[in-house]
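To begin, one chain is listed below as structure tokens, in the form predicted on its own.
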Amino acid sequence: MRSDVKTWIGAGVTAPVRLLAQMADVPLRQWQRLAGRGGMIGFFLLPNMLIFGVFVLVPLGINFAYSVTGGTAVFLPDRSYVGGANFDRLLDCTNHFDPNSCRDDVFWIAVWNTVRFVGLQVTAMTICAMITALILNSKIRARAFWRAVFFFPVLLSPVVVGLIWRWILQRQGLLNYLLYQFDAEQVNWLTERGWAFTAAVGVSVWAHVGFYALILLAGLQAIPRDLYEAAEMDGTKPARAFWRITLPLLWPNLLVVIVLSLIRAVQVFDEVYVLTGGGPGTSTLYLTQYIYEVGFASTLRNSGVASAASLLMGGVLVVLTLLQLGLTRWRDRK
């Protein structure tokens, strides 16, 4: 009796779907006869390309238009054409390694802060993700539970991550309370330049390491176990097996982790903005926050300069993407 009820329910649910499929089948077959295989491919790609064009290509074109205009007006017709003046303002430096010699010193402070952040964060992220993946791939108790625990921060909103760690690291926060309980000296984690920068890197690594560890874990599980068994029979030490077996076979996954983390690190904004607000001073001011503040948050919003800065940052991201493709193809040929 129960099986009959389940059958009736299943038929009632699938019947409308089947009817819609049959109704769509007739015009699709006619279109396939007229347009051929290429036409069908274009038909199914068209909705995605329309969405991509409306939400990516059109805003990109508007952004480029703003980058060659000046003034504080919001609408493009009310703005004056200035050509490459915004780019000249951003790139005008006597010594690009010294922000004080630049016309827009805050921009170059943000640039070099971002470079430092990317170097430290990506290095720490890659190492932590590798160690985490190796541990989660080993035979430990409650392995599925620990995998979920390490991935859980990835599910949190960056704003939530920033608020949690701000509550922990502030002057009267949880971490200083624990230091006080052990009679240790309290630290101004978010108001001292060095500690604030370190905190921004650490929080970013904590928030995203689970995602990259998952990519490396998938690569580790794809490595045949008989390679390790053969190496063990030959008396190969675990460290040598890691360098000779694990790392070469894990290289494609590792390359994806490095490039994706580079792109994410260049675009860092949410958690750091909530955590430190770019301070103290400009010690944690990064490119995305500079663009946001110049284009939206400042009293005299300069959309032209913000758009020019975003295009420059977009160019860096394109270079990183092309680098990933080039390295992947080079590795495949090798």
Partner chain sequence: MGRIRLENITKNFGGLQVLKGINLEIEEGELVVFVGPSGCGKSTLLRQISGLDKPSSGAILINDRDVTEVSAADRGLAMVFQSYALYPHMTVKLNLAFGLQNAKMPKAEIETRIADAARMLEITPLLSRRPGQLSGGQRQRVAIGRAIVRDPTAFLLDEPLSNLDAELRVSMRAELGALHARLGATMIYVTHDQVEAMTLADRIVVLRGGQIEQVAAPIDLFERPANRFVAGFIGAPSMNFLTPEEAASLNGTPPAGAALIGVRPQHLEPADSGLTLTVTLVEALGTETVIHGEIAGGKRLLLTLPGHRPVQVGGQLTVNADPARLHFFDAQDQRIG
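In this text, all values refer to a predicted model and were calculated from it rather than measured experimentally. Residue numbers count along the first chain shown, from 1.
One more form of this protein exists, namely the form predicted in complex with its partner chain; it is left out here, but the text below deals with it.
*Asks:* Is there a heavy atom of residue 84 no more than 4.5 Å from a heavy atom of its partner chain in the predicted complex?
*Replies:* The answer is no: residue 84 has no heavy atom within 4.5 Å of its partner chain.
*Asks:* Looking in the predicted complex, any heavy atom of residue 103 within 4.5 Å of its partner chain?
*Replies:* Looking in the predicted complex, residue contacts with its partner chain do not include residue 103, since no heavy atom lies within 4.5 Å.
*Asks:* Check residue 226 for me: does it contact its partner chain in the predicted complex (non-hydrogen atoms, 4.5 angstroms)?
*Replies:* Taking the distances in the predicted complex, the answer for residue 226 is yes, it comes within 4.5 Å of its partner chain.
*Asks:* Looking at the partner-bound form in the predicted complex, is residue 234 within 4.5 Å of its partner chain by any heavy atom?
*Replies:* Close contact exists here: in the predicted complex, residue 234 approaches its partner chain to within 4.5 Å, heavy atoms only.
*Asks:* Choose from 89-97, 205-213, 241-249, 123-131 the stretch whose residues reach within 4.5 Å of its partner chain in the predicted complex, heavy atoms counted.
*Replies:* Going through the listed ranges, the match is 241-249.
*Asks:* Among the candidate residues 140, 76, 148, 230, which is the single one with a non-hydrogen atom no more than 4.5 Å from its partner chain in the predicted complex?
*Replies:* Contact residue from the list: 230.
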